[in-house]
Structure formats: structure tokens, C-alpha cells
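In the block that follows, a single chain appears as C-alpha cells, in the form predicted on its own.
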């Protein structure tokens, strides 16, 4: 495989010191697949101490397990010493590692054959000891050696199997897949942060339903997000789906097809997660009253459990909570502004993307006519007052008018805002102060 000049020069430093350097994993795999990859990982027969002695700037990022980051020509290169590993008592990390000098011995500890390909960084010659190239041609993800042992060593590999199948459009080898099914419950040994990271990578593939569907088939989804797994048992007739989970997966694929953000893809994954707990049979019909509220609550619980950022939690909650919004021409300007307040101006684009994906998965089309009309209405009111900071008065003004600070003042300000949202021409200092005094006089002592 072709090796960029900087990396060949980087490798030459190792050769000058009597060592070798190999590109390993994704860079080699993706070259053989004909896809672009700028993510290079390296392995070497040099120990971390020897690597450190070769270069001026070396960061001991994972030196316990033989990994250092070398700064070479202003680029960071992660280099790991050839190693074998001891038992994985926590089903996630080896209890001990042993540095070795044999490339094949190092590659034998990796997860899947397609990730155990290495290329000499000096001449580009590819080393394939485990038929990884044949598996690439066949479109198969196959564990190296005994798949049960590979998954028992590191339970994160269970989700990685699903991710690579989703990313590459591959299927899992039967023995690898069966072992994953048998060991799906061991995913509990993996930190929630790593689960979130791997699931996010699945969501960012071109067809997330492939990886998510495999998570369902193996039992991983049930072990990680049982509320989502339960959606498969709830019948629902939608375009391209016959149950709630399949509808969810169609909506996630729709988001992926348009290249929407990770936030929108998580929102689509969780937008109907509350339907099983809201299902009611009315005659021959199934209804899910209040499922938008319930789904938002469950989505927030799931994302908190996965320990993702507070910003993502809040965004997904708001998007899921409002995904059932249905606009009609009878809406007043006040109703439009209240929607903007509920969603937040900064989320409006994502809000429409969620609506479109849900409609595509329900009706086969995004419902652009309705949302275009709503967009026009939103654009028409964006300059009008709709938040407390837009009011012509503030708390200090009310205090100077004789209204005491406290919860009662907050309620008065909110009442003024509601009035101004519906009647923006009333947003003048004199009018609002007069109204505030009247509202204060009508409050009971307990409300002030």
C-alpha cells in the first residue's frame, strides 16, 4: 500500500535505530477496500522507553499498555509496542501485558481479522496472517481464533462487531455472531461512556439500522436499553415497518441519508421509546396517547445512564418532546412564538429535521408543505418579543414600582410575557408597569 512521505520518514527513524514500524488496523483495511482513511495507528517492536529515546517529544498516553504518542513534524502519531496480554478479569482490560518482538504474535491478540492487517511503513508491504483480506472480499466480520474467547476478553468487542458490520455493510461470521448472542449480557462490564461512544459511531454510519438491528438480534439492545428493545413487540403499521422498533430504525436511516447530526440521530433513535408504556387499544385501533412526553422522559434517563454531555441530553429531550408538533394555518402568531420558546431558536433546524425524518418513516415523504408554511410563520415573528429579556421592563423596574422581589415578581413577569407574546404592541414600559402594578394588587399575600 502507498505510504505518505511523512510516515515513511517517521518510519526511517525507527529503522535507523534498529527497529520496525507498521501501520495497523483501519488504515490498511480501508486501503484494501478502496476507501479514504486518514486515521493511522502504528505498532513497533521498540519498547516505549526506546521510542521515547528516539524522539524529542513523546507523550506517555497509555504507557502502561505500551502506547505512546509521538509528535513528529507537528503531527501526533500513536505507537504501541508489540505485545501479548494476560487474562481479562474485568472483561474489558488485560490484567497484564508482555512486550514481544514478533508482529504475528501481536496481531493475534486483536479483535477481528479485518482489523489484524499490518503494512510495513518503509515499503508498504502488507502482512495478513489471519485471512483478513479474504474476509474483506467476502464481506465478513470474523473474530480472530476462538470468538468466544475474544468476546470474553473484552466485551466492548460485542458492539464493535455491530459497528463494523454497519460501517462496512458486512455480515458477521456465524460462529462470531452466535458467540456474541451467547455473551450479550456481559456488555454490562463495559463503561457506559464507551457504550455511548460505540453506539454513536453506529448512528453515524451510512445505514445505522444494520448495526442497531444486529444489536437487537444479539440481545445487546435488550441488555443496554431494554425500553428500546421492547418496541419490537409493539405492532404499528408504518411505511416499511410493522412494529415500533422497525419504524424507529427507518427514521434513523432517514437521518443518516441526509447527513444529519449525531444529536438528530439520537433523537430519532429515542423519539418513540415511550410508546410501549403508552399503548392503548381502542376498538381495532392502537393509540399511544402522550408518548411524546413519555419518550422524552425515557430518552433523558437513557442518555443520563450513558453519561453523555448535558448539552446532548437537553437537545434530545427537547427534540423528542416536540416531535409530534403538527402545524395548521389556524395557529396565531402567539402560538408560533410559544413553539419557538419551547424548542429554542438554536434548535429550530434540528427540530425540522426530526419532523421530516419521522414523516418519512411514517408516510414515505417528509411533509415539506406543512413545515415550509411553519417556517414562513416562524421567520415572520422572529423579530417580535418572545422571551423575558425582550420585555420593555425587568425586575429592577418592577421593584422601583413598589413590587417586592420574590416568586410573586417572577409570576408577574411571566404574565407580562404571555400578554406581550399575544399582543406585541403592548410591549412598552408604561403599559407593562401599569399592568404589573394591577397584577401585584390582585396577588394574595401568600403568592408574593
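Numbering follows the first chain given and starts at 1. None of these values were measured; they are calculated from a predicted model.
Another form, the form predicted in complex with adenosine-5'-triphosphate (ATP), is not on view; read the next lines as being about it.
For the options 154, 131, 370, 301, the one in contact with adenosine-5'-triphosphate (ATP) in the model of the complex, meaning a heavy atom within 4.5 Å, is 154. Of the residues given (142, 160, 321, 247), 160 alone sits with a heavy atom within 4.5 Å of adenosine-5'-triphosphate (ATP) in the model of the complex. Within 4.5 Å of adenosine-5'-triphosphate (ATP) in the model of the complex, a heavy atom is found for none of 12, 20 and 104.
Looking at residue 347, you'd find every heavy atom of it more than 4.5 angstroms from adenosine-5'-triphosphate (ATP) in the model of the complex.
In the model of the complex, adenosine-5'-triphosphate (ATP) sits within 4.5 Å of a heavy atom belonging to residue 115.
adenosine-5'-triphosphate (ATP) is not shown here, and in the model of the complex it never comes within 4.5 Å of any heavy atom of residue 351.
Proximity of residue 39 to adenosine-5'-triphosphate (ATP) in the model of the complex: non-hydrogen atoms within 4.5 Å are present. Residues of just one listed stretch (104 to 112, 183 to 191, 272 to 280, 310 to 318) have heavy atoms within 4.5 Å of adenosine-5'-triphosphate (ATP) in the model of the complex: 104 to 112. Taking adenosine-5'-triphosphate (ATP) as it sits in the model of the complex, the stretch 195 to 229 never comes within 4.5 angstroms of it through any non-hydrogen atom.
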